[in-house]
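Only one chain comes next, encoded as structure tokens, the form predicted on its own.
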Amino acid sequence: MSALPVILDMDFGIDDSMAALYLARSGRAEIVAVGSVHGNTSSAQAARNARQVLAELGLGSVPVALGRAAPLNQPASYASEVHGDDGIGDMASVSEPPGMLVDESAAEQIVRLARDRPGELTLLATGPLTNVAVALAIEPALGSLLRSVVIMGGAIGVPGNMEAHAEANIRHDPEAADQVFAALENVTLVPLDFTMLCRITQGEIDRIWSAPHTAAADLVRGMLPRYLEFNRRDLGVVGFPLHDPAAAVLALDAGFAECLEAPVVVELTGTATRGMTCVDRRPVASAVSRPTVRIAMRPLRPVVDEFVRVAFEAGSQD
């Protein structure tokens, strides 16, 4: 089976790094390019983190483009309480990572690659959707040029994780998210409804700590204490849900999920609901003139075991 060519659009934090580790170790993905975006940390720091992680994966030649530093219509905010001031649990290198930023923005990189390779590329977006919305403004036909788009974000029937009704990636830039859902075709959304069911527990933690040592696995392992501590305080449990890694798993194999198909609208004006992902699940839904989105709602196969086995326990590939 040939490797799936993937563009990563990430606010390169701890779980983004886990997703990149999974894809690289799977042997089933070709990471073609990476774009950074604000969210877990600043766009500039996310680009630096991307270069560091890619270098440890033996992918230092993968181009990294600097993405948007702020949302379309609100100030930027960062999840430093979750990911640390550097975005990767205080594991950022002191020295400058290998590689250089390319001389185009993350949005321009998406558009150029999609035009160069129509119908071939999957876009995996695990941060705010600012770059993707800007790419759509440059190329309105972007959806028809990409093979597929997989987005980690939203909360359909469960509470949000940034606000009561809003998941963080969508809430960090609601306008961008709504523009994406209004225009892009072939989208799979991986919301909290799915990712909160994919939990790393003590058993998986033990497997991760005892897995073979590689440069990339050790770097990601070093990020986890910060993530574990936040989730212990936030959720009151040992472990953490697999947000971005679950989206990476579905990017390679949609058969891991049972999906609902419906248009998605992002609430932009509600005082208590800004950033809410709205899906009409009534038997006879109101007509909405936007594309249908495949929304992952529950796992059909063991996503957590797939992630741990491939990302940490597989033979060294980096």
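Residue positions are given as counts along the sequence shown, with the first one as 1. Given the structure is predicted, the values throughout are model-derived calculations rather than measurements.
The same protein has a further form, the form predicted in complex with ligand BDR, not shown here; the description that follows concerns it.
Q: Would ligand BDR in the model of the complex be within 4.5 angstroms of a non-hydrogen atom of every residue among Asp173, Leu189 and Thr277?
A: No.
Q: Answer with one of Gln179, Asn161, Thr214, Thr122: the residue that has a non-hydrogen atom within 4.5 Å of ligand BDR in the model of the complex.
A: When ligand BDR is considered in the model of the complex, the option within 4.5 Å is Asn161.
Q: Hey, in the model of the complex, is Asn40 touching ligand BDR, heavy atoms inside 4.5 Å?
A: Contact check for Asn40: yes, within 4.5 Å of ligand BDR in the model of the complex.
Q: Any of the heavy atoms of Ala168 lying within 4.5 Å of ligand BDR in the model of the complex?
A: Because a heavy atom of Ala168 falls inside 4.5 Å of ligand BDR in the model of the complex, the answer is yes.
Q: Since only the chain is shown here, I'm wondering whether Asn131 would be in contact with ligand BDR in the model of the complex (any heavy atom pair within 4.5 Å).
A: Judged by the heavy-atom cut-off of 4.5 Å, Asn131 is well away from ligand BDR in the model of the complex.
Q: Report whether the minimum heavy atom distance between Met152 and ligand BDR in the model of the complex is within 4.5 Å.
A: Yes, Met152 is a contact residue.
Q: Pick the stretch from 218-226, 237-245, 201-209, 94-102 whose residues have a heavy atom within 4.5 Å of ligand BDR in the model of the complex.
A: Only one stretch qualifies here: 237-245.
Q: Enumerate the residues of 73-104 that have a non-hydrogen atom within 4.5 Å of ligand BDR in the model of the complex, in sequence order, or give none.
A: Just His83.
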